[in-house]
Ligand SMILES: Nc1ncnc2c1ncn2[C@@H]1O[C@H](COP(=O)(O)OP(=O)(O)O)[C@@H](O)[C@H]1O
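Here's a solo chain for you in structure tokens, the form predicted on its own.
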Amino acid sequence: MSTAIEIDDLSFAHTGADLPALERVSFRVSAGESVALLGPSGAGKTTLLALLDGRLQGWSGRVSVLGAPLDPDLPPPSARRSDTGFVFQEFALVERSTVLRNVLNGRLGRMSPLRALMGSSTKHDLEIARTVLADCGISDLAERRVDSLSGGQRQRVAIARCLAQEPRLILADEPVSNLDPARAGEILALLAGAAQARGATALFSSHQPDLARRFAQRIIGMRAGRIAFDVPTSELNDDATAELYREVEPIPGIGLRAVS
């Protein structure tokens, strides 16, 4: 099986920070795998996802995404950008635009530079947008403005926009942290199912062990910028989770507070 993500001895520090955000991180993700990054706030999950998305430079180590090495000093070439899709915690949608227009924005990287500049969609782009809207259960919202939608609906739009890119790798940063438990389960089921149906790799961050167990094949625990454990979902136990959250915060979803 091919490898979608390879990371070896990765370290990164934000400018002016006293401590590194990531320290000697190493792991691999196989193509088509669904993996959760689990850990409390400040563990380094968001930083790691942003780095894999090509938005951070100045790191050390070796990182390869979809078979191509990342340069620690340069963003990825634009030709490769659409192969990686990103679902943001705060949706990152154009609020005053329609759902369909937002989803079509996901096609910009697949258009010629002139079409992208003009925002001129082809019939093929529209077909793909309509298909992902249906897959995400929001076809009836196509002409609604985003600022009229609920949080769950907005996240479905964000996922549809990501899928419209036709990505081979989907990165999602705490995609359900703003939703109630029922909606959170629906959205993660949608995200994981859409990735699997397309043969795409999915790497999502979460601070909720119960959701990570339900929707990931493998769980990578992070604490203070380091990898604490890397196990198949079936092997995640409450002791490992308690250690992950020790002296940090209550453990979401299992009703325990970790102690030293």
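Remember, predicted model here, so these are calculated numbers, not experimental data. Just count from 1 along the sequence shown to find any residue number.
Form predicted together with the named molecule: not shown, discussed below.
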Practice task
May I ask you to state whether H14 is within 4.5 Å of the named molecule in the predicted complex, using heavy atom distances?
Solution key: yes
Exercise for the section: Look up in the predicted complex whether A36 has a non-hydrogen atom within 4.5 angstroms of the named molecule, and give yes or no. Expected result: no
Exercise for the section: Classify G42 as contacting or not contacting the named molecule in the predicted complex by the rule of any non-hydrogen atom within 4.5 angstroms, answering yes or no. Expected result: yes
Exercise for the section: Answer yes if any heavy atom of T233 is within 4.5 Å of a heavy atom of the named molecule in the predicted complex; otherwise answer no. Expected result: no
Practice task
Identify which of S64, S30, T46, Q57 has a heavy atom within 4.5 Å of the named molecule in the predicted complex; exactly one of them does.
Solution key: T46
Exercise for the section: Choose one stretch from 189-197, 46-54, 64-72, 208-216: the one whose residues place a heavy atom within 4.5 angstroms of the named molecule in the predicted complex. Expected result: 46-54
